[in-house]
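This document starts with one chain, in the form predicted on its own, laid out as structure tokens.
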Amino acid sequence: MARVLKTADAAAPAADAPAAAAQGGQELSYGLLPQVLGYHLRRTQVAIFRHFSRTVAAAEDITPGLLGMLQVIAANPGLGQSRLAEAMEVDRSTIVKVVDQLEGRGLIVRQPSPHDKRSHCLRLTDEGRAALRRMQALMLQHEDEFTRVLTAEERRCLIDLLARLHGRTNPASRS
């Protein structure tokens, strides 16, 4: 499929009006960025993280990454730290810090693996399960609020399209 590229001095969309104001009233150009998927994904990520911060994080003092890790641990009791690192696509040194944080908050416990004494299994504590239920309710509310400009079908379609795109880079999801 051929793509027609607009000139590099194309004006930014109306949503970028604050950027124009910063230039003394002169409209700021974003060049080809408004036609680039990555630009819109990044802007959306920033917007959704800001909304998460005002809603879920403000109530539960949790980041999207930590909440994601709690979700995976809850769905896979006894999951090893190394496997969690793989699933979340972070390095092992990062996972140790994250596990320390979650354990320090009393949300998870780290236990020696019954199969490999060199590794640890992760489980939610009772407090962690209760906190996760609260966080999940807030997360779903946050998602509903953030995506209210979309229909339910558009939201499902967007999720499906994004999953197809990031699945292309995941060797486990390729056919």
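No experiment lies behind these values; they were computed from the predicted model shown. Heads up: residue numbers just count along the shown sequence, starting at 1.
Not on display, but discussed next: the form predicted in complex with the DNA.
Novice: With the partner left out here, if you bring back the DNA in the predicted complex, are Ser53, Arg164 and Arg168 all within 4.5 Å of it by some heavy atom?
Specialist: Answer is no for this spot.
Novice: If we take heavy atoms and a 4.5 Å cut-off, which stretch out of 31-39, 114-122, 143-151, 130-138 is in contact with the DNA in the predicted complex?
Specialist: Stretch with heavy atoms near the partner: 114-122.
Novice: Find out whether any non-hydrogen atom of Arg105 is located within 4.5 angstroms of the DNA in the predicted complex, and reply yes or no.
Specialist: Arg105: no contact with the DNA in the predicted complex.
Novice: Could you tell me if Gln71 has a non-hydrogen atom within 4.5 Å of the DNA in the predicted complex?
Specialist: Close contact is absent here: in the predicted complex, Gln71 is far from the DNA, nothing within 4.5 Å, heavy atoms only.
Novice: Taking the shortest heavy atom distance, is Thr44 within 4.5 Å of the DNA in the predicted complex?
Specialist: So Thr44 does not count as contacting the DNA.
Novice: Would you check, heavy atoms only and a 4.5 Å threshold, whether Ala87 touches the DNA in the predicted complex?
Specialist: Ala87: no contact with the DNA in the predicted complex.
Novice: What residues of 79-101, in sequence order, lie within 4.5 Å of the DNA in the predicted complex by heavy atom?
Specialist: Those in contact are Gly80, Gln81, Ser82, Glu89, Val90, Asp91, Arg92, Ser93, Thr94, Val96, Lys97.
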